[in-house]
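Shown here is one chain on its own, the form predicted on its own, set out as structure tokens.
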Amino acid sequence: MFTLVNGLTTGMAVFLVAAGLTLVFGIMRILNFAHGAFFMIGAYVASTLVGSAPRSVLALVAAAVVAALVVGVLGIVVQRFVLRRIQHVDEHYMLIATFAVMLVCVGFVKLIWGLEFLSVDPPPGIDTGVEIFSLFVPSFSLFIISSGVVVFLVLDFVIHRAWTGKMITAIARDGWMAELLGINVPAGIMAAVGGSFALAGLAGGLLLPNQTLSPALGDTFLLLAFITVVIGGLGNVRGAFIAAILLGLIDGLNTMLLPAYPGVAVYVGMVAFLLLWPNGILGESRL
């Protein structure tokens, strides 16, 4: 039970970060190296709003939503001036450009918030724990798990059930035909990319009490988020959700069975998954 709870907590934390990364790849086929940096900016914005001790869970969630809006606007700026210009060029240029954006974001964070390490306590209500089957489970772990599930359900509904999601899917699969049918393709892409960046900001706010803030924060989850996107199937949100859970459980078992070799099982698992499913668990997808 302890391993299960820890694994699900890690998995949902990774999914919260990977959701936006999957979305932007599904729309523009760009592996965004700057995604972790925008996650970091979201965390810093939320910490500025709530301080070191949020007054309530609602205050933390509200700060995360504001951080999502701020990062979403920044994402639209990046899409307008960077991503749109490299949309139809070689993938190597995309990686270089987003890496450059990441460096700019890190420099921006150092300039505004400095180099000091900051920490934020969980708000009242999720700062203790509950007993489940004689196991003491931190309330904040349950908060992270429920947040990841809610974000997945909302994202899955928007993409596969809502009219907006169907338009975005049409743009991602055949932008030329979507434009012939009267859909404003540039505006749709801008909104969807802004939404993917907003998800990074939301994750930064929701996971705020789960980490120490520093200019290197973006690297903490970025690698696991990339692994999740690849294993789940590039651009496949459902695949990313399943992959995040599996990686979290593998990491939990690694911590319990091989504590002297932290993280090794994740990479072994990644190799095994890719040997079994080279295109990802649910395959590559244009949303």
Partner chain sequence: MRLNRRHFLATSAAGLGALAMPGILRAQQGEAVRIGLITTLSGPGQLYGNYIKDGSEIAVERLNAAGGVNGAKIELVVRDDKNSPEGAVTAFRELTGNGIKLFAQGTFTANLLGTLPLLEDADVTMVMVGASALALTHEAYNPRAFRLGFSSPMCFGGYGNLMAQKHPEIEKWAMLRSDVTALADITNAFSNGLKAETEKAGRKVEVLDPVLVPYGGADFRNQISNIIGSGAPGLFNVLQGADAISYYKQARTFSLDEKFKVLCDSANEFAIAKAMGANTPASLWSWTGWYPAANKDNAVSDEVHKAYIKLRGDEYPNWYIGVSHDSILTIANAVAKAGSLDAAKLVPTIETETPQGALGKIHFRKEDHAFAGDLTYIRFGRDDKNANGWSVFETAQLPGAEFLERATPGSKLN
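Residue numbers count along the first chain shown, from 1. Since this is a predicted model, take the numbers as computed values, not measurements.
As for the form predicted in complex with its partner chain, it is not shown, yet the points below apply to it.
*Asks:* So, in the model of the complex, is residue 116 in contact with its partner chain at a 4.5 angstroms heavy atom limit?
*Replies:* Residue 116: yes, in contact with its partner chain in the model of the complex.
*Asks:* Flag residue 241 as yes or no: does it have a non-hydrogen atom within 4.5 angstroms of any non-hydrogen atom of its partner chain in the model of the complex?
*Replies:* Although its partner chain is absent here, residue 241 would stay clear of it in the model of the complex, with no heavy atoms inside 4.5 Å.
*Asks:* In the model of the complex, does residue 161 have a heavy atom within 4.5 Å of its partner chain?
*Replies:* No, residue 161 is distant from the partner.
*Asks:* Can you work out whether residue 122 and its partner chain are in contact in the model of the complex, taking contact to mean some heavy atom pair no more than 4.5 Å apart?
*Replies:* Flag for residue 122 set to yes.
*Asks:* From the list 175, 138, 186, 165, which entry has a heavy atom within 4.5 Å of its partner chain in the model of the complex?
*Replies:* Contact residue from the list: 138.
*Asks:* Identify, from the list 171, 193, 208, 71, the residue with a heavy atom within 4.5 Å of its partner chain in the model of the complex.
*Replies:* After the contact test, the surviving option is 208.
*Asks:* Any idea which of 196-204, 212-220, 175-183, 153-161 reaches within 4.5 Å of its partner chain in the model of the complex, heavy atoms considered?
*Replies:* In the other structure, the partner sits against 212-220.
*Asks:* Do any residues of 123-138 have a non-hydrogen atom within 4.5 angstroms of its partner chain in the model of the complex? If so, which ones, in sequence order?
*Replies:* Heavy-atom contacts within 4.5 Å come from 127, 128, 129, 136, 138.
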